[in-house]
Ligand SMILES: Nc1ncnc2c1ncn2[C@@H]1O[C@H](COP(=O)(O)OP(=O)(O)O)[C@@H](O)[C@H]1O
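Here you get one chain, nothing else, as structure tokens; it is the form predicted on its own.
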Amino acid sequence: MYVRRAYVREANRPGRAERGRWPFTVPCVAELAEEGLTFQAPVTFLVGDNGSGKSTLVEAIAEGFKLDSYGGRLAAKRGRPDSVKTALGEVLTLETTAAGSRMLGGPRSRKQGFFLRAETAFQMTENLGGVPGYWEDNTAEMSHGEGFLTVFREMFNKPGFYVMDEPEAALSFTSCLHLVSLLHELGQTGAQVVCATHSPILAATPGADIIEVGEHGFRRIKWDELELVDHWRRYLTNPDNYLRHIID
């Protein structure tokens, strides 16, 4: 593993005025600022509903490891100042392992990591095929799902620190299973993955640490105790139990 903990130093914790403003009004962000978040397994999932703050957390974690917050490898300039960070990223500190410290302190060519975020991944698959350091295949000619899987296979293939924000966005059921296989393999071969997801398929990756985020802040939980899993199980068993509340 490369990162043990994400936390906010005492000197950087938000004051009373900042605590009343986003993102520190989001329960999981507020808890992180006060208590920190530890990583206990090579693969960690942050699971929660829209607006729960999971994407805010993973974006700041990516920034803390000097990954491109726009999505991509190490912080690329892309015409934006390197100093521009999210409000949480500005104050977040990562406690790294010895391996993490060596990677961050080493030459750029030896740093291995990638941040995949759903909002920009489609554009990446259309523009980065054939670019040195990325993938050779022309993903612009593939379906979104095929392009995503190509990115996963080519960019998540070595021990490194990988951050994902809702990678299931373009994936079918079968493709999600392929990604589970990749995530499990990464965890077994020395990589570390932090992933925000809505997918009960991805969250079932063997050996993964699952953290549920919501109004309670965040808490570790077993897969079959996730609210997400419970809702999907009930819906697939009897959709009418849900649909009758939203369809006349």
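Residue indices: 1-based, along the sequence shown. Worth saying up front: this structure is predicted, and the values here are computed from it rather than measured.
This protein has a second form, the form predicted in complex with the ligand, left out of what is shown; the following refers to that one.
- In summary, the region of this chain contacting the ligand in the model of the complex, judged by heavy atoms within 4.5 Å and restricted to 176-184, 44-52, 203-211, 218-226, corresponds to 44-52.
- Residue contact check for residue 199: none of its heavy atoms lie within 4.5 Å of the ligand in the model of the complex.
- The closest non-hydrogen atom of residue 191 lies beyond 4.5 Å of the ligand in the model of the complex.
- Although the partner is absent here, residue 37 lies well away from the ligand in the model of the complex, with no heavy atom inside 4.5 Å.
- Using a 4.5 Å cutoff between non-hydrogen atoms, residue 33 does not count as a contact of the ligand in the model of the complex.
- Of the residues in 14-47, those that come within 4.5 Å of the ligand in the model of the complex through at least one heavy atom are, in sequence order, 22, 26.
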